[in-house]
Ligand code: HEC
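Only one chain is shown below, in structure tokens, and it's the form predicted alone.
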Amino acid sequence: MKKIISLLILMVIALSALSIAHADPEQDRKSIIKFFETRFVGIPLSEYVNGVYAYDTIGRESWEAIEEFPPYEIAIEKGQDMWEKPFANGKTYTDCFPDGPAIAQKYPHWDKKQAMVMTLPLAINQCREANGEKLLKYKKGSINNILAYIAFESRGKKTHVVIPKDAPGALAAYEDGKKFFFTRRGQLNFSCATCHIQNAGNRIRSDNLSPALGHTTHFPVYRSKWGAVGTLHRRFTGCNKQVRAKPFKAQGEQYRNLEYFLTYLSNGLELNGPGSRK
């Protein structure tokens, strides 16, 4: 009983610290880590890149079996073809991303010139637009192939989101994403935090709820439910629908700022995408 009470107190402290307006982002991250270290004692921080399988030992067995013949391999191959195939003007993605495909750790970031959070899918489409190519849809289809290839090439790189101190808009975007994460919405009156902090490790129907920590490290993800690889913003859309709230536009400001906040919480964790989930 004392352990449960202590855990509840820690949760209240952690959530209170995160809810303070304009709190220090690094303190936010440390509070989240402290909370999960106490909630799931003995699980190394590095394990959270595996999402719910960090603590779902039964589900992990099935997941590891699937990963032996990963269902996203075809997406990686198609993504490599996309990366290497010249555009109609003769240029390639390398002209937009000269550091090569291992760049997932650089996103999202604050784009000072455009004064907004820049995500990798948005950067890919801006590259295509600059080269006269058709834009890709942001939740389904080919966008997932090139994202899967970039994620695969970026495996082992560490999440590194920076909030520039000389760009007030960056902190404002972070705070906006944090507000979104903790705001209850929809007919079920759930927030992102309701499931992925307060109830992480608990079950809703047959699903074991995943932790917010490490959430962004393994996208894009092949989901059995989808029968395909999908983007992070597709997952955001699905979560909003599940709580019976109206989803926002993929790659719109709300979801980009949410991604900025959520990815910052996983700073220092290795990327291991693409992933597979139920």
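Small disclaimer: the values here were computed from a predicted structure and weren't measured. A residue's number is simply how far along the shown sequence it sits, counting from 1.
We do not show the form predicted in complex with the named molecule, though everything after this point is about it.
At a distance of at most 4.5 angstroms from the named molecule in the predicted complex, all three residues Gly51, Ser210 and His218 contribute at least one non-hydrogen atom. At the 4.5 Å threshold, heavy atoms of Cys192 reach the named molecule in the predicted complex. In the predicted complex, none of the heavy atoms of Phe36 sits within 4.5 Å of a heavy atom of the named molecule. Proximity of Leu265 to the named molecule in the predicted complex: non-hydrogen atoms within 4.5 Å are absent; the residue sits far from the partner. In the predicted complex, at least one heavy atom of Asn240 sits within 4.5 Å of the named molecule.
Checking Ile103, Ile204, Leu171, Ile74 against the named molecule in the predicted complex, a heavy atom within 4.5 Å turns up for just one residue: Ile204. Between the named molecule and the residues His109, Lys139, His196, Arg128, the one pair within 4.5 Å by heavy atoms in the predicted complex involves His196. Heavy atoms within 4.5 Å of the named molecule in the predicted complex are found in exactly one of 196-204, 118-126, 152-160, 79-87, that being 196-204.
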